[in-house]
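Heads up, the chain shows up twice below as structure tokens, two forms, tagged structure 1 and structure 2.
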Structure 1
Amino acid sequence: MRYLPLDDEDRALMLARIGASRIDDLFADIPADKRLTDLIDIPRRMSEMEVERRLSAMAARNVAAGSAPFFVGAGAYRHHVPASVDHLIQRSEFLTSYTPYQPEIAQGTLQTLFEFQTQVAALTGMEVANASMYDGSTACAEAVLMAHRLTKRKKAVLSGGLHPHYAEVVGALADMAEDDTLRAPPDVLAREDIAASIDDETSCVVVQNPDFFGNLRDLAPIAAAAHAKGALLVAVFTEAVSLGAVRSPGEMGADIVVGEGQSIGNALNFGGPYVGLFATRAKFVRQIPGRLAGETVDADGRRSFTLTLSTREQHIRREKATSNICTNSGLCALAFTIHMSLLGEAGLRRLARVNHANAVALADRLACVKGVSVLNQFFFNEFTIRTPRPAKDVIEALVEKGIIGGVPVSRLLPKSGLDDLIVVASTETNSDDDRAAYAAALAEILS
């Protein structure tokens, strides 16, 4: 029997108490075309063995990233994750640990969080980092809210090179808080004058580097323009490996740095779970969301760790909390930390160089295909190409030839008119044979 503890009378009483006329009112913020109108077309009951068969058949329709030449990026990247990472995070003391509600007895958890924070601060060129967030998009939105608190202003300017998902998350929170968000149009060639949009009401300007289209940007002039108006620069990245080669956001004057850490230690998993990175200047530490693990000594002078800052609604009054995100991605953060420890600085820089070289090699090959043009002048391991046919059709044709060729821009920006653009990524996992196969298949499709 299905476990349904509430009857119709119970539901009516609950709805009346909160002032809703029907259950659908609770989902009014979800667009109508995204809501199911009926039950999913699957049998109401099946045996365990039948369920296994059905789900296995559904899963078999997917093409695993490792089973074909794979060039998808746009915020989620395929990198090699050493087997030792998975082995270590599956140890029971790591796999079962959760939020350190009693930090004095969670020394192992606190130490791993402290090491994670240290690595993130070093990578981003900032002075302090928190103990992770859900993912890059929510970290970006939290950075905007933090900038509002610091500047006492309510307007955020979003670059046209910001990942569309990140911009949408920022917009969703802004709508709920009745804040003002100015989202610039898509900036394919990194030519926007974002500084011109910064005024005396702006709390922050949000710029991604490398941006959604793969362009590398100099954040220093934007930081200077923002600071001249009393605003903050929020620097965003979606590819953490790029920090092994690209000048750090902190060096370029960023006030808050946020991004996605999936590239390091965390394999592609159908969209998650991922780990949000969040770093800032020490002077802003009181407004940082989430929690901070700190290093100290105990009564006997031994090295120990503690929760230095926990400005979350689970620890303090809701109205005093800096974030209503009530947990972090602890296991993903640990995977990040282990992988970073195995790489070290030299290893990360070497990995970044290989990524860049592979992307350059692929761009050179694709640029030789008739009708294809590479739009980026400078990029890391991701770039945008223009094709003479609609990008979504080209990608589907590539799939038929066993090539996962990238992400059509129209998939993430459906009303932008950029239907002929594909964002392509090439990491250390791509071989020269993969790149040759891509170029050959693309040439055949467009011939």
Structure 2
Amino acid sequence: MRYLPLDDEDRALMLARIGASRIDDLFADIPADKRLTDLIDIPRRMSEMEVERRLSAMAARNVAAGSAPFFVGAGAYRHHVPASVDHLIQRSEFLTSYTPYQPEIAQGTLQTLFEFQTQVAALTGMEVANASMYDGSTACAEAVLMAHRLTKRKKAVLSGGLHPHYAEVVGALADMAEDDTLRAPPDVLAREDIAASIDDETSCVVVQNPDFFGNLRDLAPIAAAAHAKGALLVAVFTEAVSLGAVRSPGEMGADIVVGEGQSIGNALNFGGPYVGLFATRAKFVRQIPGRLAGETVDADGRRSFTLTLSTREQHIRREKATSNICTNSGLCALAFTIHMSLLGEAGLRRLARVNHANAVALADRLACVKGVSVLNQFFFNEFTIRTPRPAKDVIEALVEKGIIGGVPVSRLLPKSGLDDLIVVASTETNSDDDRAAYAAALAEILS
């Protein structure tokens, strides 16, 4: 077997050194009647070529986003990732290293995490950020738990503009933890008065911007209303590139900012792995979940980085830890950091402008299709359209014409009476031809 360096001669010598007569002597603690005698009923070993052939056949049965005009967003976004990003994250020293528990031989990982934390703090307009969470949705659930700890209250108010899956993740954990969740009804037009739902028992209000339907929201009045009641504002984003064009949540008064970082440096990957971003105020640092890299010096006084404030974490604090998280999204965070370093301020701002311009161009085109209306007043690279036919049927009909046209709202919010809405995203990867093809196909389907 190509991955196993020991041969039978080695094995025999090693067994002899151990003083065992056969390998099963080493497995003697497994109750004899539970020890398997036959091989498990799965195929035998395969060559590299066979495995590649078999998996390539599965891959070929999918329609890759790059192979069609593609307009799906709703929590994950297709962006161009520079070739150097994927090259660098595949360097052995990054790819095949463990969590940097021995800092003397892990400064590469630790310094990149420190850079990541600095970038996330700057993007969100917050004072501190952690070294990443699993994804945006789990970061959101952790933010709610952190708000509960900080306020010693147990009720979270979720905006109707929050990604429905994020609301479900928060809701499921809250249900199990026996906390309260008030989930506002879907708020397609960003007209809800969420501040009115905040009371003296509310620990936090969770608001997404740009929201699930693509609307831009002013978080400042919500922050003020929350603070007046002793509650916190948890600001959420699912499209990190938007932060290059819209006001930062920190600027609007958010206390905890969480989001999905996939957009920068990471492929769509059918939902994972992604990278959760988590930022907050410096005074809340001891309640942050997850790892933190910090600066210090070594015995020679040279600047060095290490994991720090670990007493918050499960490996030390056990049942009193701020979270149970252990493994995070290190390599995805690295991809984020490298892509962000390549973009820089200038690149990020331009990338964001191009995204916005493309979305505006698409919205203008689709609004001209008979029977279609664009619902958003303000948006970044994503918006919601209303169609005269059920959105699900429209999307399927578009697939027939080779276009992946967005996400029917009813897929995430079934039985909510929103069957005629499609969330549509456009990034820098879409060309004018893509947009023209979309509008033409939609017109044909609806005619």
Partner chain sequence: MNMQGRPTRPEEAELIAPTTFTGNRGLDMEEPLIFETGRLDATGVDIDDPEPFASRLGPHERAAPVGLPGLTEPECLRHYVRLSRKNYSIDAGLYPLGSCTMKHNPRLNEKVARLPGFADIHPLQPFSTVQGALELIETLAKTLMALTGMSAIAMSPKAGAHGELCGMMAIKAAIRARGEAATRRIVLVPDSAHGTNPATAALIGFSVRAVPADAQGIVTAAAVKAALGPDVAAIMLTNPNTCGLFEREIVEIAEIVHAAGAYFYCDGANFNAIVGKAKPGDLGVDAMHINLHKTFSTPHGGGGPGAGPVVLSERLAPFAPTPYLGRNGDALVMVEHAEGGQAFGRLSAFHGQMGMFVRALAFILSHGADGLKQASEDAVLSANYIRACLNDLMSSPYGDRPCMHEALFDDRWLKETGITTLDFAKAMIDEGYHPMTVYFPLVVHGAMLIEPTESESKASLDLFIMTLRDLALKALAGDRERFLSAPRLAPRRRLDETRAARQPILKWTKPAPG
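These numbers were taken from a predicted model, which means no experiment stands behind them. Whichever C-alpha set is largest while still superposing within 1.5 Å between the two forms counts as the rigid core. Residue positions are counted from 1 along structure 1's sequence.
Query raised in the report: Among the two displayed forms of the chain, which is the form predicted in complex with the partner chain?
Result: That would be structure 2.
Requested in this report: Establish whether a shift of 2 Å or more occurs at the C-alpha of residue 439 between structures 1 and 2, with the two forms superposed on the rigid core.
Outcome: No, the C-alpha moves less than 2 Å.
Query - Per-residue C-alpha change between structures 1 and 2, residue 378, threshold 2 Å, rigid core fit - result: After core superposition, the displacement of the residue 378 C-alpha between structures 1 and 2 stays below 2 Å, so no.
Query raised in the report: Is it true that residue 52 shifts between structures 1 and 2 by 2 Å or more at the Cα, once the core is aligned?
Result: True for residue 52: a C-alpha shift of 2 Å or more.
Query raised in the report: Once both forms share the same rigid core frame, by what distance in Å has the CA of residue 18 shifted between structures 1 and 2?
Result: Reported C-alpha shift between structures 1 and 2: 36.6 Å at residue 18.
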